[in-house]
Structure formats: structure tokens, C-alpha cells
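Below sits a lone chain in C-alpha cells, taken as the form predicted on its own.
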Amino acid sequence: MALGVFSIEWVEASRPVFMMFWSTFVGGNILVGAMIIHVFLGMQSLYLRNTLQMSSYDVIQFASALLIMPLLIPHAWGIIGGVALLNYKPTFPLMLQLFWIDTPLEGLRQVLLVVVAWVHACIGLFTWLKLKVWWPRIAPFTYPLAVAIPVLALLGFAEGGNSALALLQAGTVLPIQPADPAVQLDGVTFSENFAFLTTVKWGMLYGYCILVAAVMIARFIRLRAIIGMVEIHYQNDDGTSKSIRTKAGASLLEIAIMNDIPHANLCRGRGRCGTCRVLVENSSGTISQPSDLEQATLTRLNCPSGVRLACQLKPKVGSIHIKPLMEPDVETKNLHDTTTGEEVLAQ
């Protein structure tokens, strides 16, 4: 769409190139599979979350994740159904006329979809990339691209809209529907097919809302079923200590967030950076073994026995004495030695 800055003809000429693979059976199924997996992982993350208290980054990523499907479903189903049932060829000139002239609210939804999906993707990518030793070297080039790509796409969309409006003023309008909606295609009228498309679209939207509500209810039931209390005793380097008594079930990092205790977590609880690690000095309850993800991070950092990741360790009923090993204000630039590339926080 960014090519629309130059002309709508450029955009249309590039469409077969960019859509070549994704229009195939394999490419289409990859897109559908990726969407289903993404929704499943998002619902799983929502179900397993023990607190909705989050950092500003997590709030934005969480909200954008929930918004993507309601914004994407009308677009994806409109293209698929339009081709299959309404005999449309989804060219850019036709879509721009649809978004700018016939149904401008759909055009606004398209803009929101681009912004929301791009913000969601960038937060996830940058959370992962900033932990890499080579990230500081490419960041100055990547940040401008992260802004320029969606801006150019939206500028192209706006310029394409101007072209569509110019065609309207010139009296040249592409036919969105046949002159007689009662004309039949494979024995079914255009109006009937359009009504069916609309019904299916709203069915998918309602189904998605029901899915989110069901996951939230299941999460509530899961949290209500957890019984027992746990006492967390924090021991600081300066000799001070702090104790918290709370309901069991949450991770040490989630407990810290819920109780406004500063705690390092550069990867925001993904188990990748290791900055949230703590030394478990003793515990009256059973401590589960590290997962494969946690163990991989602990091994990479050469952590001794007794060190665990606060974002992964969920203490059982009883008491646990821990000592945070990283300062809460640790920054990404402190993760690696700039000369050797080694993780300087490894212990």
C-alpha cells in the first residue's frame, strides 16, 4: 500500500507479486494456521494470567491482541466471501472505492487494523530483540523503519483515497454490486449472498466475544479454586527484609507486581532475560522443578543451585525466603559486555 504514495496503478501492479505466495493453497493455509495458533496462544496466556496488573507495555500489547481479531474478521471474511460468493476480484481500485466512498467506516476499521496489528507486533519483536547482544548496533536503523513502514502505508492509503474520490467526481465509479441485485449467481441472488456474508461475519464476531468471555470465566473459576496462603520473605543486600502474605498460585514476579514491589524483569515475565532471578534461601513448601524454558535460561547464565526465575517459580502453600539478585532498575544495556558480547550479569 505504501506504493500508493506514487500512484494507485503502482499498487495494483505490485499486487500479484506480493500476493503470489499467499494466494496459493499452501500460503493461504499458513496464514489461517498462524491466525488460529496466535488466537489459541493468546487465550492460553489470558487463562493462565494470575493478575491483570501489568506494565504499560503489557497493557498495550494485551489490549491490541484482543482487538486484532474483531478488526481482522470483517476484512478477511469480506475478501474470501466476496471472491467466492459475490464474484468480486479484490483489486486495489475496487477496495479503495469501497473504503473511501461506499463504506467509509470500513476504511476507518482498516486503518485501525493496520495500527493495532503493527503496534502489537512491534512490542513483541522489540521485547525479544532488545535482549540480543547485536541489538544496540541495529536499533538506530530499525526504530525509524518501525515508524516509516506503517506511516508510508497509511499515506499510500490516503493518496489512493484521493484517487478514488477524483474518479467519483469524474463520474467514473466501479460497480460494487450489479445494477439489479436480484440477478442470480449460481442460482442465488446477489442480495441473498450479501446477506449470508453479513450473517456469517457477525456470527464470527459474536463467537470471538463469547470465546474471550468464556476464557475470562474459566480464569476466574481457576483462581477461585486455589486455596491456601503463601508467605514471601524478601531479603535485601542492605540487610533489610520485607514479608508478604498472599494467596498461593501466582508466580513470585506476579506477587511482586500485585504488591507494588519493584522487581527486575526486562523480558516482562517471558523467562528469557533472567533479570528477575532470585536465590531461594529456604522454603517450607514444595518447590517445583524448573521448566525447560527456565532451565535453559538458568543454564545459559551459569546460575548455581538454588537460583530460580521469579517469573516462572510459583511457590506452594507455606513460606519461602528469597533474595533478589538483580537491581530493579537494571537496563538492557547492562546485559552484555560491549567488547566481548558476553552476558555480564551471568553468575
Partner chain sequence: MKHVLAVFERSIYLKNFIAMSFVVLFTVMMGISAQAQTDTSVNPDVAAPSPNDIREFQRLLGDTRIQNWLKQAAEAEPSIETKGSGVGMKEQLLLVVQKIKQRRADLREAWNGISLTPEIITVIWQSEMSDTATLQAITYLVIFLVVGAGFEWLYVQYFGQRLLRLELQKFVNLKRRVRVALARAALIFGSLFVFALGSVGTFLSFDWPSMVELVVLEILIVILVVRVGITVSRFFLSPRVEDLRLVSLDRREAKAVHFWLAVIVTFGVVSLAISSVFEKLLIATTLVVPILANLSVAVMGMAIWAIVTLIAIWRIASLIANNRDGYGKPSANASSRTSARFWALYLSIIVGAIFLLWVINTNAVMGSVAIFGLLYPATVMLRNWVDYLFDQAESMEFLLEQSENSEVLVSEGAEEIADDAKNAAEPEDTTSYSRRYDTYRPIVRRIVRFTLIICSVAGLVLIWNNGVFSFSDRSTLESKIFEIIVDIIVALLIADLVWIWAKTAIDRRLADYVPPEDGHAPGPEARMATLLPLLRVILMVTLLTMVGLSVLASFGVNIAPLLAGAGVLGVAIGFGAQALVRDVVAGIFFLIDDAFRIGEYIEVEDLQGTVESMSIRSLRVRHHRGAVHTIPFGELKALTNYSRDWVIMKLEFRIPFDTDMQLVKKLVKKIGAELKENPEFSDSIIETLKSQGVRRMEEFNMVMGVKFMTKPGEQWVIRREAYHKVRDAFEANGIGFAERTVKVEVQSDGPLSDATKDAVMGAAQNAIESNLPAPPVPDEP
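Rigid core here is just the name for the largest C-alpha set that superposes within 1.5 Å across the two forms. Numbering follows the first chain given and starts at 1. Because the structure is a prediction, the values reported are computed rather than measured.
The form predicted together with its partner chain is left out here; the points below concern that form.
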| property | result |
| --- | --- |
| Triple contact flag Tyr57, Val147 and Ile257 to its partner chain in the predicted bound form, non-hydrogen atom at 4.5 angstroms | yes |
| Contact residue in the predicted bound form, from Ala195, Ile227, Leu112, Val133 (heavy atom within 4.5 Å of its partner chain) | Leu112 |
| Its partner chain: the contacting residue among Tyr234, Tyr208, Phe126, Trp77 in the predicted bound form [heavy atom, 4.5 Å] | Phe126 |
| Exercise: Arg222 in contact with its partner chain in the predicted bound form, heavy atom 4.5 Å | no |
| Contact flag, Thr199 vs its partner chain in the predicted bound form, heavy atom cut 4.5 Å | no |
| Interface membership of Ala170, its partner chain in the predicted bound form, 4.5 Å heavy atom rule | no |
| Touches its partner chain in the predicted bound form: Asn162 (any heavy atom, 4.5 Å) | yes |
| Region of this chain that lies against its partner chain in the predicted bound form, out of 271-279, 99-107, 214-222, 69-77 [heavy atom, 4.5 Å] | 99-107 |
| Neighbours of its partner chain in the predicted bound form among 313-332 [non-hydrogen atom within 4.5 angstroms] | Pro328, Asp329, Val330, Glu331 |
| Did Gln61 shift 2 Å or more between the shown form and the other one, C-alpha, core superposed | no |
| Core-aligned C-alpha movement of Arg49 between the shown form and the other one reaching 2 Å | no |
| Threshold 2 Å Cα movement between the shown form and the other one for Glu106, core superposed | no |
